[in-house]
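One chain follows as structure tokens, the form predicted on its own.
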Amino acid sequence: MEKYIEKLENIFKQAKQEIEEIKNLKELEEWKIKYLGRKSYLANFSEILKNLDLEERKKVGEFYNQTKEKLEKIYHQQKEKLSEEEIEFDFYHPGNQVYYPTLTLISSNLKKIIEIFQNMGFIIIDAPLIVSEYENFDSLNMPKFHPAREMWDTIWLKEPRNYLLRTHTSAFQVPFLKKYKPPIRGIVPGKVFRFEATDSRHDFEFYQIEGISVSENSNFSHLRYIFEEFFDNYFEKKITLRFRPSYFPFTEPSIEVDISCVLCNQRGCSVCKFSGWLEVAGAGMIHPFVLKEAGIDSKKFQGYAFGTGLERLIMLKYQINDIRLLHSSDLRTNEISS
């Protein structure tokens, strides 16, 4: 035990002596790597500690922590001193150009999408991130123990009970229709949450754009037109659509919406898996159960609803291969759209 304490004392004395002779920041960083870097004696001291008995480990470990803290302290003191010495001001030299900050990819694209839908007569609804079980599931034809609930990895709150972080923006179909009586059309853009592993294609939080239209004659033809106008304007090129049958408990019939691959123009590439098509949205005619929950006569009114993921569209438009980049603080990501 004593030999390790003596070794630490000698390292501290040597390090302190060397740091007093350092003249610039470059030499200081070399000193830091030598004494505090990941290949230094201190960084690998844990291998020594684990071979000692409990009492020795406690004493040597405490001395090790004290030594490391003192070295870090004198490093920061010397860095501050040298930094002040190296700063030189030339009051007559022109300064660097100031670049004004830009919106993030998510903010700028969300703004663009909102403008597209507003131009088509949709109103914009802001809604809370925390919703009730009724709003998220029961009102959308998913009562307790309904297997469709397993489609969403739900994050429940301990208090208040029966509340959760919304798993989809569809949670506002019924509140939306209760507040704005038909004929009405609107979108609910915002963040949703899923309890799932994060990888290049999945995140525990992401944005959805929920659209809804209810009137006496809202139908699939209207829905197709809305999609064509939206995707043509968003991708700034002519897009071909394809509807495929699907299942959602709150729409009947339900569809998946595919667009022609914006990267290969349907010639086939790895992104579209050489099919020429990309799945980008889910949609369908609003289920009579949902209209009934909203207090709307399903014999008089009908409507369609759709949902798409914002990050998915951004990744396709700017050819980004990792969703995590969109939520990171790396400013280079936002230079893509500049």
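A residue's number is simply how far along the shown sequence it sits, counting from 1. Quantities reported herein were computed from a predicted structural model and do not represent experimental measurements.
The protein also exists as the form predicted in complex with a small molecule; that form is not presented, and the subsequent description refers to it.
Among heavy atoms of His168, some come within 4.5 Å of the small molecule in the predicted bound form. The closest non-hydrogen atom of Gly309 lies within 4.5 Å of the small molecule in the predicted bound form. In the predicted bound form, none of the heavy atoms of Glu150 sits within 4.5 Å of a heavy atom of the small molecule.
Residue contact with the small molecule in the predicted bound form: Lys178 places no heavy atom within 4.5 Å of it.
Heavy atoms within 4.5 Å of the small molecule in the predicted bound form are found in one stretch of 196 to 204, 103 to 111, 182 to 190, 75 to 83, which is 196 to 204. Between the options Leu278, Leu42, Leu291, Ala281, the residue in contact with the small molecule in the predicted bound form by a heavy atom within 4.5 angstroms is Ala281.
Though the small molecule is absent from this view, in the predicted bound form it lies within 4.5 Å of a heavy atom of just one residue from Phe250, Phe122, Phe230, Phe172, which is Phe250. The three residues Ile239, Leu316 and Thr333 each lack any heavy atom within 4.5 Å of the small molecule in the predicted bound form.
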